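Below, in structure tokens: the form predicted alone, a single chain.
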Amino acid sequence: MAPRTQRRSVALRTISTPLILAALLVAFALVAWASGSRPFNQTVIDIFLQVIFVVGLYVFVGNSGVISFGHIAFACLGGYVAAWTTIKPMMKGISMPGLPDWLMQLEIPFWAAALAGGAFAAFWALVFGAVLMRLSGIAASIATFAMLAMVNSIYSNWESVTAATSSVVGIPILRVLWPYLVAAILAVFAAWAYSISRHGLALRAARDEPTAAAASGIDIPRARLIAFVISGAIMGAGGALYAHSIGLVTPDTYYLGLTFTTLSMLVVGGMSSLSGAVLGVLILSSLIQALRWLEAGIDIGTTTFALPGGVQEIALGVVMIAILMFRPAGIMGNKELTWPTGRGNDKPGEPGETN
């Protein structure tokens, strides 16, 4: 194959990944819209938010190979930015009297709050990452968990600014499906754009062969820091949108439960794959919803069939164990969903990877 044609084939295969994933998300949105069910509409909104969180986590974990237990801290930062900037000034004065006057009077739309939340989280990702990204392996993972615990502790005790452990209510609730769909698609394309950039390629080289990468002149802490900041921004924006989806925030909303749910979806889908990150969310979220319906009961003729309470958690655990037994690297491993290019030796690989 001529070099120009080969390059075109590789480019088509690479861009096809985010396009396919975006099409899957659009399909979920259309099903929810066609159903006309408000509960199902909220379920799909929750799925899109999980996509944002898992994709944000993938940007760092998938490209660096360093497990992070602390990324939900950035979602917490973004969620409180939404509270500080969108709640009515009178309500802020009651629940958060310690806010500065300019922030007390500020009232912006949800999309601006999401951007502000992403920027605020990116700033703190830069601050924390300047120290943490010099670590590696289990030390780095434990340090990220310490970061999560630190943010949770500060926000749980800063009563005049965060209302401590009390729920901060009054955040405008957004139950329209489409903004969350757009945000999830933007997160997917941002992750894809980073993964094919020279910074993403350098970080994956450092992940696979750290000694050779360092010998080639790659500044590994700097490469990790760039991914850490980008992933922090995505998580912060997702945290702000999450606050708008439920209308309130507390520090525990963004703590261990969301941390381990997000990590499990990434691991099941495949940590080294953007497609795996999205499919992990779609598959596990669909399974969780199906089990909820079965626990609530389904009428079959004159009989109501319902699973016993607690079966949801057991079945979900069994499915996750089974997937990881037969696919230790996750459903997708390190492969991506791609369009066929007509070449017999074309195989899906990581974004930007050529064969």
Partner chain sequence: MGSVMQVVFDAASLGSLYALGALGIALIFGVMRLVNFAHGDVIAACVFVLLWPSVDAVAIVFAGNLPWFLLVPFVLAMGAALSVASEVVVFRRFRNANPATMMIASFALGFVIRYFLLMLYSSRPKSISLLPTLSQPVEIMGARIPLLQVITIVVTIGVLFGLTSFLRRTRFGLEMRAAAENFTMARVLGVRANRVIMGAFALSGALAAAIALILGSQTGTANIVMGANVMLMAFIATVIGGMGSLAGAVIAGFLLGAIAVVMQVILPPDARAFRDAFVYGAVILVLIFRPQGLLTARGTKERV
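Residue numbers count along the first chain shown, from 1. Here, rigid core means the biggest group of C-alpha atoms that superpose within 1.5 Å across both forms. Please read all numbers here as calculations on a predicted model, not as lab measurements.
Below, we turn to the form predicted in complex with its partner chain, even though it does not appear here.
Peer 1: Where, among 106-114, 179-187, 263-271, 90-98, do residues come within 4.5 Å of its partner chain in the predicted complex by heavy atom distance?
Peer 2: Going through the listed ranges, the match is 263-271.
Peer 1: Looking in the predicted complex, is its partner chain within 4.5 Å of a heavy atom from each of 67, 128 and 139?
Peer 2: Judged in the predicted complex, 67, 128 and 139 all sit within 4.5 Å of its partner chain.
Peer 1: Taking any heavy atom pair closer than or equal to 4.5 Å as contact, tell me whether residue 247 reaches its partner chain in the predicted complex.
Peer 2: Taking the distances in the predicted complex, the answer for residue 247 is no, it never comes within 4.5 Å of its partner chain.
Peer 1: Should residue 325 be classed as touching its partner chain in the predicted complex when contacts are defined as heavy atoms within 4.5 Å?
Peer 2: Yes, contact at 4.5 Å.
Peer 1: Is residue 135 part of the interface with its partner chain in the predicted complex - any heavy atom within 4.5 Å?
Peer 2: Close contact exists here: in the predicted complex, residue 135 approaches its partner chain to within 4.5 Å, heavy atoms only.
Peer 1: Does any part of residue 309 reach within 4.5 Å of its partner chain in the predicted complex? Heavy atoms only, please.
Peer 2: Contact check for residue 309: yes, within 4.5 Å of its partner chain in the predicted complex.
Peer 1: Can you pick the one in 287, 314, 294, 30 that has a heavy atom within 4.5 Å of its partner chain in the predicted complex?
Peer 2: Here the answer is residue option 314.
Peer 1: State the residue from 154, 119, 169, 173 whose non-hydrogen atoms include one within 4.5 Å of its partner chain in the predicted complex.
Peer 2: Filtering the options by heavy-atom distance leaves 154.
Peer 1: Going through 145-175 from first to last, which residues have a non-hydrogen atom within 4.5 Å of its partner chain in the predicted complex?
Peer 2: Residues within 4.5 Å: 145, 146, 149, 150, 153, 154, 157, 158.
Peer 1: Would residue 39 count as moving between this form and the one not shown, using a Cα shift of 2 angstroms or more after superposing the core as the test?
Peer 2: Superposed on the core, residue 39 moves its C-alpha less than 2 Å between this form and the one not shown.
Peer 1: Please check if residue 315 moves between this form and the one not shown, taking a CA shift of 2 Å or more relative to the superposed core as movement.
Peer 2: Moves: yes, 2 Å or greater.
Peer 1: Residue 30: with the rigid core matched between this form and the one not shown, does its Cα shift 2 Å or more?
Peer 2: For residue 30, whose C-alpha is compared between this form and the one not shown after core superposition, the shift is less than 2 Å.
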